[in-house]
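In the block that follows, a single chain appears as structure tokens, in the form predicted on its own.
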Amino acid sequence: MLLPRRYRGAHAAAGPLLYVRPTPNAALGEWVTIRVPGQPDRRGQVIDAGADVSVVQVLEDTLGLAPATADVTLTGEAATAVVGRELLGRVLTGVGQPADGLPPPVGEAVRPIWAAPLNAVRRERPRDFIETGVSAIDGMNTLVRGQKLPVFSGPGLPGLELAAQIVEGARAPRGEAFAVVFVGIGITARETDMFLERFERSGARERSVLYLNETRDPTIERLLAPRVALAQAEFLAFEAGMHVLVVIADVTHYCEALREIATAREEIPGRRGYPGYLYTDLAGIFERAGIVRDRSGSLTQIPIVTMPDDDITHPIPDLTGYITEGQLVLSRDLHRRGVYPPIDVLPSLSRLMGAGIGADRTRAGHREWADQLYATYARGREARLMATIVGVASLPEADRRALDFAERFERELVGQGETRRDIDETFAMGWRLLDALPREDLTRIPEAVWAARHQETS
């Protein structure tokens, strides 16, 4: 640990940034105290450390802060977070301070927030199912322990509401120790109240830790919040042996904060003004999910990504898709028609689904069941487009059945509302839709699966 070093006067200032020189012993992430005569002390953090000059991000308002009169103290303390099982049920700020009126948590340990991604050599392959209570996820795009499965939303779509529903409904199917770490980044006061009210009402708060960074909080806290939350999640998963689901909402607000700070530092911009290291920075967050060999816990992530202008090729969803293992895409058309949650299963994908389903994990015949639902729904969507040109009456009989199926699929299986469904209820709903079709339409269902299905119902 470094000793405190004091500097009289900063070299320059630019917005929320102070430039201090020379700083031969500055450390990245080090906490800083800034004093100006006649003003309250300010907090800061070293975000760029160098021997000649270091950049300090000021956490409070910089109005009236004259660089030449500032007394800058590098405390020698790195950014850390208190972690432990004691934090379950707590509501904290983006930097881990109490936001629920209770005393600061004592915790079981203190961990640095700038941890490295999991060592690829120590990783175990994800293979166990996590039940979210949402049929379009559990049945069609199954979430697997250790996976990173983002939700691609759009402005005005209920991405945050879906995040809250997943937190409320997520379960470990075999009853293992399970916890949720929720981190809100750049959310409004109304959204904060919504999360707290829902988690309290549903009882999910008792097994959750909430880190809430609001729009009024300093920009740098948006960069710290997910890392503070992940320090807690890693402790619960890899030291306390729990299965932990981390929900991050909203990654877009995090990336906007990263761009704001990069602009203030006059860095050369990359695509659409975002810094060139956006991919690396996001990977440093997402790759902290996984399963570690010889450890009983797991860390799974569901990041919520709001796509600017519904553009899935925008740098944020584009890079997120490269790093993670699939995506859940929300549909504006489904939302407009009152389907909730408006998950469009056609562009959605869980790349690890095959490893987490089957007789010993979800249900026998899960893959064939999902493939048939997907294929018939895709045909129904194509028939819907054709019907706008030639009319429903001109469609072949098989296409008319698929069109009716698509309507029921969206309304009954996807559009479950806020009701939680366990995996058995999801399968029952899917089979009810398939049973309405003649056997010759079910080309993805092998005879063995079909016979086993009818043996169960007889």
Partner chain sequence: MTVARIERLSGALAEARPLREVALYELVRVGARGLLGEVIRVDGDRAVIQVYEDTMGLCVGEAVSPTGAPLEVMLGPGLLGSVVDGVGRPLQRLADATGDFIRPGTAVDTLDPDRKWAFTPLVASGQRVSAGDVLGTVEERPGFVHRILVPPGTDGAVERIRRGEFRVTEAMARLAGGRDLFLSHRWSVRNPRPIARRLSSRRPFLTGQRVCDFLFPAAEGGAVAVPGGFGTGKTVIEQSLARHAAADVVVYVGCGERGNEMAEVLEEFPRLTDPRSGRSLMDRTVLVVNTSNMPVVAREASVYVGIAIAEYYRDQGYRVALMADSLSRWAEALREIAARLQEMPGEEGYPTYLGNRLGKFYERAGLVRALGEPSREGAVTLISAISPPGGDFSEPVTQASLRVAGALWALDPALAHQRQFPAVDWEVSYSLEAGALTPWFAEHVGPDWAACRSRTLELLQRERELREIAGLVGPEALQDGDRLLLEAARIVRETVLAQSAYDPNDANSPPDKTYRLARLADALRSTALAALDAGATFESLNLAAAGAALAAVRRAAATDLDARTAEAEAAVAALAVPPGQAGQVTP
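Just so it is clear, the model here is predicted, and its values are computed rather than measured. Residue numbers count along the first chain shown, from 1. For the two forms, the rigid core is made up of the largest set of C-alpha atoms that agree within 1.5 Å on superposition.
Not pictured, yet referred to below: the form predicted together with its partner chain.
- Note on the partner interface in the model of the complex: the residue among 337, 125, 216, 174 having a heavy atom within 4.5 angstroms of its partner chain is 125.
- Listed residues 106, 346, 189, 359 were compared with its partner chain in the model of the complex; 346 is the one with a heavy atom within 4.5 Å.
- The closest heavy atom approach of residue 117 to its partner chain in the model of the complex falls within 4.5 Å.
- A residue is said to contact a partner when one of its heavy atoms sits within 4.5 Å of a partner heavy atom; residue 312 meets this definition for its partner chain in the model of the complex.
- Remark: residue 306 does not count among the residues lining its partner chain in the model of the complex, judged by a heavy atom distance of 4.5 Å or less.
- Looking at residue 394, you'd find a heavy atom of it within 4.5 angstroms of its partner chain in the model of the complex.
- Heavy atoms within 4.5 Å of its partner chain in the model of the complex are found in one stretch of 259-267, 97-105, 196-204, 158-166, which is 259-267.
- Along 310-330, these residues reach a heavy atom to within 4.5 Å of its partner chain in the model of the complex: 312, 313, 317, 318, 321, 322, 323, 324, 325, 327.
- The Cα position of residue 26 differs by 2 Å or more between this form and the one not shown after fitting on the rigid core.
- Core-aligned CA deviation for residue 194 between this form and the one not shown: less than 2 Å.
- Once the rigid core is overlaid between this form and the one not shown, residue 412 does not reach a Cα shift of 2 Å, moving by less than that.
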